[in-house]
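Starting off, we have a lone chain in the form predicted alone, written out as structure tokens.
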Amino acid sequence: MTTRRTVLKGFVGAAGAMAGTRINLARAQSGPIKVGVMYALSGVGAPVGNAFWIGTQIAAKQVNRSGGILGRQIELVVRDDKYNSATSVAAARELAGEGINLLIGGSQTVTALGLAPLAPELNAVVMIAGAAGMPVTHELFNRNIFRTVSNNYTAYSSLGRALIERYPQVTTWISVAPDGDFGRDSARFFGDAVKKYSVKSGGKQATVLDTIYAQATATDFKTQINAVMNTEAQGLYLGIAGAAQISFFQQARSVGLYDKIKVIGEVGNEIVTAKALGKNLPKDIWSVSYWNRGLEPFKSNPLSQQLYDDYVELTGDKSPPALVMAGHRTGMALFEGIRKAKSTETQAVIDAMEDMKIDTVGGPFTFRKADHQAICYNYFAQMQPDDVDPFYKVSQMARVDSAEMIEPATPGKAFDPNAVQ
């Protein structure tokens, strides 16, 4: 039998719980804004992940230094995804379990493919910071994810356009790429753009030879290099990345490929390769890039100088990798979404980011509302060997507006390259 004392005890307990809830809510609204960050901080993806992490840290420091957002400081809660999809998914679930609904991750496609479909289940905003794979904003698209870099089609079509417009005299091109979805896609997108823009520039359509493939884990490229040497190619797209790219160039130089090939476009190793090869760098190589504070249009941009100053203060290094800017831009996009929404609630932030335009180190930046694909400038760095330390130089930056190159949005459906004119 329920007594009056038992009932009163229940009322008191319920009232206490409600008071506790109000106190916790007040604390949450006045405490720091927690943002979960998942990058590859160890393993084969660490050079990329750590560069992104530094950039995102700097973004948070800059916002906090200016007073924070909504009167609150940004607190980054970081996890190492180890360049592994399962680890990335586990980290996202752990962070969501701690009540964090604002997440940054996907510095590579392999981790983004796991995060993208998970975002609605976690009721989280997930910023995909570096993954360029087409499925992220096509068949895997949902409103909870935002990609802050150009995808494979836009990036490598832009690279092909940039090179053929600068080197119209190079009329025969070939690609060497890893035998997988990324390698096949990027080589195709590059080659299609070379053919298209050679004609648009008023010349004869360039010849693009069949792509030569290598295993993604290969270290010996003599077969592929000899195959290139036996063609009439004067231009090369190299889709091999990481340490393997450095091995490719070391082997290529010894058999005379540097003399045969007039210009090279590469996947995005940038100064990682330049630092490793120094004077042995090919004489004219262009890399997918993001930032070089010593060259225009970055040199005259105060945001770029501030990023550089904060990078040097944080790391002590005076030669930042370009990917730092991509990590910085990702953080700034999320923070501006929170500011515009005047809220940290998932739906409010999504709505705000779908309709915002911000100035970044790399220029104006926005998301296409239909699929949350970033629209921004794509940059490419021309690298050459030099006679003085560090024995390489970045000579100039090329820029292509991704708004001119972006593929049609097909949210929920796979990208069809044949549908792009």
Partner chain sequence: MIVSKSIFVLINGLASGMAFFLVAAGLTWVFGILKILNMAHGAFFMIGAYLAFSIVGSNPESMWSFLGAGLVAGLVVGVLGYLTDKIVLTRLRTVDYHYVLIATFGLMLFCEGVAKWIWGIDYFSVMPPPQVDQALKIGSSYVSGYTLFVIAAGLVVFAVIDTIMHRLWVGKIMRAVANDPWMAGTLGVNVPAILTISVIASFALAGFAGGLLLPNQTLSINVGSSFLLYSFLAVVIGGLGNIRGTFVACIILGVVESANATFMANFGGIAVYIVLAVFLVWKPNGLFPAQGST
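Positions refer to the first chain, counted from 1. The model shown is predicted, which means the values in this text are computed figures rather than measured ones.
Although not depicted, the form predicted together with the partner chain is the subject of the following passage.
Visitor: Please pick out the stretch from 151-159, 194-202, 253-261, 93-101 that is in contact with the partner chain in the predicted bound form, where contact means heavy atoms within 4.5 Å.
Guide: Of the stretches listed, the one contacting the partner is 253-261.
Visitor: Run the contact test on Lys222, Asn230 and Asn280 with a 4.5 Å heavy atom cut-off to the partner chain in the predicted bound form and return yes or no.
Guide: Verified in the predicted bound form; spot residues all in contact, yes.
Visitor: With the partner left out here, check for me: in the predicted bound form, does some heavy atom of Gly242 sit within 4.5 Å of the partner chain?
Guide: Yes, Gly242 lies within 4.5 Å of the partner chain in the predicted bound form.
Visitor: I'd like to know if Ser247 sits close to the partner chain in the predicted bound form, meaning any non-hydrogen atom pair within 4.5 angstroms.
Guide: Yes, contact at 4.5 Å.
Visitor: Do Ser42 and the partner chain share at least one heavy atom pair within 4.5 Å in the predicted bound form?
Guide: Residue-level check for Ser42: yes, a contact with the partner chain.
Visitor: If we define contact as a non-hydrogen atom of the residue within 4.5 angstroms of the partner, is Arg184 a contact of the partner chain in the predicted bound form?
Guide: Contact with the partner chain, yes.
Visitor: Using heavy atoms only and a 4.5 Å cut-off, determine which of Pro47, Gly68, Pro364, Pro385 is in contact with the partner chain in the predicted bound form.
Guide: Here the answer is residue option Pro47.
Visitor: Could you spot which one of Gln169, Ser300, Asn226, Asn123 gets a heavy atom to within 4.5 Å of the partner chain in the predicted bound form?
Guide: Contact with the partner chain in the predicted bound form is made by Asn226 alone.
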